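So this one's two forms of a single chain, laid out as structure tokens and tagged structure 1 and structure 2.
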Structure 1
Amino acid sequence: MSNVWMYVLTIVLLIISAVKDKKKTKQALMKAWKTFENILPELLGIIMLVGLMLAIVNPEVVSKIIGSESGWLGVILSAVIGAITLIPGFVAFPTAALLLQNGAGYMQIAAFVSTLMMVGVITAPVEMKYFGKKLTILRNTTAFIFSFIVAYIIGRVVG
């Protein structure tokens, strides 16, 4: 698991913090909880939406849409699917590899992977809470457009 080292680091720092100053450590933990509680409602909603969406949009559906002959239309569709879904990387990459084996194109897969990671339509409510509406929309739009550049270059280099 990639997050083991985060746990190790957190625990070590917590111990150092507690040895140095108990009161400050307590404050830090309170702050952690308050921040978490602040975005918890959105997170729970996001998780439910993701569950519903992934039940409908499964690998079979996706591989039909983004075959290597699907061209730019396929690239656009893959980018849209990547933008609106939220799949953890350790599920997304093997799925992407499977799609490639089943005839999806490199350009389409690159667009999908790129928007999947950089664009978050579902997480936009959380982002807006911190960055406001305008910047959230702007960031996601720019990242969406950027993903086409990524797709084009990867299509040229790898495909």
Structure 2
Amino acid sequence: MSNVWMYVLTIVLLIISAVKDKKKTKQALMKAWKTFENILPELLGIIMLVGLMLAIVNPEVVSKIIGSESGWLGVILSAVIGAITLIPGFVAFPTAALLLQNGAGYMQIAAFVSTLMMVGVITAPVEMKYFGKKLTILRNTTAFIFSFIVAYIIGRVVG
């Protein structure tokens, strides 16, 4: 039901914007559409990849590898995968939901998502170029450690 209210609010605000300045509203909608067109192939690719993986690998396997029973080994595995994966947030959260629905544990998904968002193994060379090697390593190491704190807190609160 809250989704319906969000859509209604969005439509009302869009109408207000159009009444106030039709040209700017049209420009904003065109920019949003272009952004959507740019994001769509990546989003569909990752969703298809995750869907294919979940079709091949049954929920019992997901549960065994990164389920609640996998414990801290599953958390570490999830954190490492998240740290080396480059997925935008708008894809990461639906992916996490799919994994949870198929047997992944909350702590493991918390570690995966937090390292995915905060640790940049793939982007480290670019970061080093602008911020230096020492700061890049410090930031990534701190973020990686923090992901375990997040996982622990989520495990205590949700689990």
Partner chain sequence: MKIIKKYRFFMFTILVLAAVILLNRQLGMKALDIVGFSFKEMMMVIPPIFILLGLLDIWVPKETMVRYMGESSGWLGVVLAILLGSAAAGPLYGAFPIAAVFMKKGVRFTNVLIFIGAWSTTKIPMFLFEMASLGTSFALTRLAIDIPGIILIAHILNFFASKEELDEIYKKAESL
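Here the rigid core means the biggest group of C-alpha atoms that line up within 1.5 Å when the two forms are laid on top of each other. Not measured: the values here are computed from a predicted model. The first residue in the sequence of structure 1 is number 1, and each one after it adds one.
- Between the two isolated copies of the chain, the second is the form predicted alone.
- With the core superposed, M128 shows a C-alpha displacement below 2 Å between structures 1 and 2.
- Superposition of the core reveals a Cα shift of 2 Å or more for I46 between structures 1 and 2.
- Superposition of the core reveals a Cα shift of 2 Å or more for Q27 between structures 1 and 2.
- At F36, the distance the Cα travels between structures 1 and 2 is 20.9 Å after the core is superposed.
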